[in-house]
Each structure stands twice: as structure tokens, then as C-alpha cells.
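Given as C-alpha cells, the chain that follows is alone and in the form predicted alone.
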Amino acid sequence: MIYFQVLANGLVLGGLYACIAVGFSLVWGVLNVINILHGTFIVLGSYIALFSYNLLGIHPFVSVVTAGAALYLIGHAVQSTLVNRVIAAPVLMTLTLTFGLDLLLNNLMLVAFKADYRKLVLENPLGQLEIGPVFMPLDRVAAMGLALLLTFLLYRLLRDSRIGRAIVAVRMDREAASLMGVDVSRINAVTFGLGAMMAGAAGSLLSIVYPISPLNSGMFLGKAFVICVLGGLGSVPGAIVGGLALGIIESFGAIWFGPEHAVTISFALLILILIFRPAGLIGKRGFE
């Protein structure tokens, strides 16, 4: 019976993981930029939720909006003022730039917030969900549901809106999109901003699950990287599948091998996927 509980834990964790990875996958797939800032953006979203709740009494489910909006503005500004200057350079150049910016922002957070781990403790939790032998905190279940909803809304934005179709066009062929009248520089900034927005929203939701510290940024970045490779680069459904798969694998791995080996399991999985299925579980070679 314990395996039902482990499976439920993995699904809840996987839903949150999908929200972590979808913004990272979008930026990488459209801009060909490996955004090393992504993990720090997630942590910054968690801090926004923490201070919003402790100082203003705003629930993390509500501060998803403010965290997402704040991170969108930061991401848009970073891309339009800095990253866009080297967007046509080899990927190593943008990787180095975002790595340097990540060092700067992460160390600013260390100075401002210290490296101590903080926990957002809800005064009035939603209680427990009981289904047979499975017990789940309703706060975590609601966080998972909201994370999947945000991921689905991003998917519909890309599929149904003019800005979404422009993003897909730039992903497929930026030169052809430019010839058709698409402002590629603007779309690049909007895409980077959307990736940062999803990171901020994910950070707000994760604040009720994970302790909050700037030291967590590398862990979140690593998980986003694994999920993108696992599910398929640049694909929103791929991020959902990859996130759920990683959450389940980590949960069962923690039972079988111990929780201290979760990172080892993740990167071992990454290596296997790169060897046997480099396009990811549902990804396709080339552009969709």
C-alpha cells in the first residue's frame, strides 16, 4: 500500500516540476538560450511569496500573480537590454552571459536574504485529502493543480493567440518570421519574459513545499534541465510529461535507494535519455 502513497507524492511533485521546466524549455527552444538564471528566478519568486505572506498576509496562491508579473518585467528587461545584444552569437556566449548574471543576482540575494533556509508556514492550511490508504495535504494538491493550470494556459497562449503564433514562427525560422513582418527582437524579449514569469509563478507555489534559500537555485535549474531533455525541448506537453515522470521516478527512487540519491538518479536518467532517446519521450527531431 505504501507504493500508492509514493505514487501520489510523485504526481504532486511532478506537477510542480512541470511548471518549473516549461519556462526554461520555452526560452531554450525559441531563443536557443540556455538560461542559467532560471533557478534563481524560481527562488526569487519564492521570496516574493514569503514576504507577501509574512508582511501582507497574501496567500502564495494569490502571490503567483504578483511573482509572475514581477519576474516577467525582470526577464523582459534582462533580455531586451543584455541578452538581445548577443542573441545571434554562438550558444556558449549566451550561456556565459546568463551564468554571469546568475552569479550576480544570486549573490545579491545572499547579501539581502542570507543563506539561511526559511519556511513559509500557512496559518490556516486546507487540511488533508484522504483517498483509501493515500493521504495528501490539500495545499500541495492545490499547488499541483494550479501549476498544471498555468502550464496549460501557456500552451493555449502559444496555440491560440497572435503573440503565441509569432513565438512559434520565430522558433521554426526566425529569418522567415522577420520577412513576414514579425518583430523578432520584441518576440525574443516577450519569450524570455514568459519564461521568467513561469519561473516566478512556480517559485510562489514551491514556497509551501520547499524551504527557501538562494542555495536552492542550482537544484531547481538542474531539475529543469533534466525535465526538458526527458520530455522534449521546446514542448509544453513535453514539460508536463517530463515533470510527472521525474517526480514519480524521484519518489520511488527515494524509497528504494534513499532520498540522498535523488540528484544522482535524476542525472543518471538524463544520461540514459541522451543515449537512447535524445529527442525526449514525446519530442520530435527538428521543429514541430
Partner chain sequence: MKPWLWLVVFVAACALVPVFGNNYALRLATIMCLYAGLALSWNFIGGMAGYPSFAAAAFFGLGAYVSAVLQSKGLPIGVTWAAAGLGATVFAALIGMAILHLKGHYFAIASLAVVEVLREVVNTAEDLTGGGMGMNIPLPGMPVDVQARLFFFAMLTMTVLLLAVTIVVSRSKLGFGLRCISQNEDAADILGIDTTFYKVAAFCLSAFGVAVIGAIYASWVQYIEPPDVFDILYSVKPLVMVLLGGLGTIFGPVIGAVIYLALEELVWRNFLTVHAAVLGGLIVALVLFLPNGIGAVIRDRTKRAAVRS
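If you're wondering where the values come from, they're calculated on a predicted model, not measured in any experiment. Numbering follows the first chain given and starts at 1.
There is also a form predicted together with the partner chain; it is not shown, and the following applies to it.
- Here the chain stands alone, but in the predicted bound form its contact with the partner chain, taken as any heavy atom within 4.5 Å, falls in 256 to 264 among 241 to 249, 256 to 264, 48 to 56, 62 to 70.
- The candidate spot formed by 11, 169 and 190 lies out of contact with the partner chain in the predicted bound form, as no residue has a heavy atom within 4.5 Å of it.
- In the predicted bound form, none of the heavy atoms of residue 157 sits within 4.5 Å of a heavy atom of the partner chain.
- The closest heavy atom approach of residue 99 to the partner chain in the predicted bound form falls within 4.5 Å.
- At the 4.5 Å threshold, heavy atoms of residue 236 stay clear of the partner chain in the predicted bound form, well away from it.
- Remark: residue 95 counts among the residues lining the partner chain in the predicted bound form, judged by a heavy atom distance of 4.5 Å or less.
- Though the partner chain is absent from this view, in the predicted bound form it lies within 4.5 Å of a heavy atom of just one residue from 111, 153, 131, 180, which is 111.
- Residues from 23 to 47 that approach the partner chain in the predicted bound form with a non-hydrogen atom closer than or equal to 4.5 Å are 28, 32, 33, 34, in the order they occur in the chain.
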